[in-house]
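One chain comes next, on its own, written out as structure tokens in the form predicted alone.
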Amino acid sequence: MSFLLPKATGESINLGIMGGTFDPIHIGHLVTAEEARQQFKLDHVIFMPAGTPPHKEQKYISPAEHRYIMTMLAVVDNPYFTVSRLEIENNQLSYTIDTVRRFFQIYKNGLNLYFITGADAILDIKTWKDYEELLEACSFIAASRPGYPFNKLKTIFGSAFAKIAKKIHFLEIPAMAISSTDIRRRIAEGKTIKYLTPEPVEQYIYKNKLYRQ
């Protein structure tokens, strides 16, 4: 395979997929992934930089290779983290359900899959392709900053909330107040991003003159 995945051994495995554009990856992503790994006893967390995310078609996104390299630089020192090229090597739109189906093709019946995302994204899950199949196939870990209004999810799903509630787990992460959008803005304004993203990622951004405009 041209993308990195833990080997399928035939034994049951708990995998977390952390999807996102990672433009750039930051401390909030890493803290969230590590907290999810520990709380849900995940064997690995696989960071999945999106190729062409359908929800951001109208926005400028840095080239996939830059985002992939920054993600690799950020996770290289954690033996439980790896980065997959699955979506960035796909020339089509990156739909989560397609990625999830691919993982089940690889790991067959021994896979317990958790998709790690932000609480704001989970509120839009009804707009995701084949979202009902997604909720059947895997559990979701929805990370948020403290005080995020989770009750909104009950309003969105109404009477169906009880059915999906057992598949969605909320995780409060103070570092989620950090955002890629804010990092890009700070760089464009000439402000420091130190401690907002790992130092190797910070240096990569400066070296390649990313986010200057």
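Note that residue numbering follows the sequence shown and begins at 1. These numbers come from a predicted model, not from an experiment.
The same protein also exists as the form predicted in complex with adenosine-5'-triphosphate; that form is not shown, yet it is the one meant from here on.
Visitor: Report the residue, out of Glu89, Glu133, Asp77, Asp120, that has at least one non-hydrogen atom within 4.5 angstroms of adenosine-5'-triphosphate in the predicted complex.
Guide: It is Asp120 that has a heavy atom within 4.5 Å of the partner.
Visitor: So which of Arg184, His44, His169, His66 gets a non-hydrogen atom within 4.5 Å of adenosine-5'-triphosphate in the predicted complex?
Guide: Checked against the cut-off, the match is Arg184.
Visitor: Is Gly19 part of the interface with adenosine-5'-triphosphate in the predicted complex - any heavy atom within 4.5 Å?
Guide: Yes, Gly19 is a contact residue.
Visitor: Taking adenosine-5'-triphosphate as it sits in the predicted complex, is Ser62 in contact with it (heavy atom to heavy atom, 4.5 Å or less)?
Guide: Output for Ser62 is no: heavy atoms all beyond 4.5 Å of adenosine-5'-triphosphate.
Visitor: Taking the shortest heavy atom distance, is His26 within 4.5 Å of adenosine-5'-triphosphate in the predicted complex?
Guide: Within the cut-off, so yes.
Visitor: Taking heavy atoms only, is Thr52 within 4.5 angstroms of adenosine-5'-triphosphate in the predicted complex?
Guide: So Thr52 does not count as contacting adenosine-5'-triphosphate.
Visitor: Select from 175-213 the residues with a non-hydrogen atom within 4.5 Å of adenosine-5'-triphosphate in the predicted complex and write them out in sequence order.
Guide: Counting only heavy atoms within 4.5 Å of adenosine-5'-triphosphate in the predicted complex, the contacting residues of 175-213 are Met176, Ile178, Ser179, Ser180, Thr181, Arg184.
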